[in-house]
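Here's a solo chain for you in structure tokens, the form predicted on its own.
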């Protein structure tokens, strides 16, 4: 039996479910299939607050089967190879699936092994990471029991999911240390491989004021290259001088390197940097017109966030549907993304911007300021919008 679908979606995460749901709302008769091996689906933006002791991690989890749109076939398998000339996707399990149109959105993979000594050390030796569902509880364990010393928070020399997340947990931890009465005995370090605290000047100015007022030491162009867990020592390389420096720590929050999944790296649909090669506005592949890509694995030059997907999905859906009807792609994505920068347990800077790091704000207030209202939006509003809006194809 030949497995063929009008639309095949690789990835059952935020992007894949959003696209499939929206397409089904446009036409319930469309033959759509999703390829994704996951048992569970996670609302990962919540993990910052899980690591800060605000939520139980189970609140971020749903069964993947509960989110597959009605009428969409689900191959619970791992995509292994794309043959665009044949309109064929092969799975690791040996299934061949043919398509008329392909949407590629498998997300990112976490490359723990790219930092020497990190793989296998998360969850012990004072090493935590909010990028691991398995170990996110350990972040709060370390923060809540912190008795003083040096707490280091890192940002790698790599694209990451939500570029602001590595520093959000730092602000929450620093506030927790104050509440626990141990701040005077503590040093808080932000060791970032980036050149500055944030890429958009308006929000960077606010964040620079925050780290200055709160006595946080921020060092830039410093990339974590090695960690010695048993001795609680972390080695950083200066990206300008190549000199190395080793720091002792009591706790360290580590963000791993990230990349497109391995099966894409040797694929003919990616560019030299390893991302699915698409037009940044239509999100249509630059060589294969029946392929689209969105989300973290696409080459669209914007931050890799769920907020970006919320604006990318309608563009992909509209353009793909136009082609199904014999018309040309027309809808443009402007690079919009958002980063709700949590700066404390009741404060948040709602950064919203588009291509070229130009602010593109939603609310009729100065979003460059810390606001309690935006924190509550992050805590309660955005999760509700995600589960009941995006995942249902309503936005």
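It should be emphasised that the depicted structure is a prediction, and the values quoted were computed from it without experimental measurement. Residue numbers count along the first chain shown, from 1.
Here the subject shifts to the form predicted together with a small molecule, a form of this protein not shown in this document.
- Interface residue remark: residue 256 is not counted as part of the site for the small molecule in the predicted bound form, having no heavy atom within 4.5 Å.
- Contact check for residue 38: a heavy atom falls within 4.5 Å of the small molecule in the predicted bound form.
- Within 4.5 Å of some heavy atom of the small molecule in the predicted bound form lies at least one heavy atom of residue 48.
- The small molecule is not drawn, but in the predicted bound form it has a heavy atom within 4.5 Å of residue 107.
- Out of the listed residues 44, 347, 367, 360, 44 is the one that sits within 4.5 Å of the small molecule in the predicted bound form by at least one heavy atom.
- Only one of 115, 172, 309, 82 lies close to the small molecule in the predicted bound form, with a heavy atom inside 4.5 Å, and it is 309.
- Exactly one of the stretches 70-78, 189-197, 275-283, 175-183 approaches the small molecule in the predicted bound form with heavy atoms within 4.5 Å, and it is 70-78.
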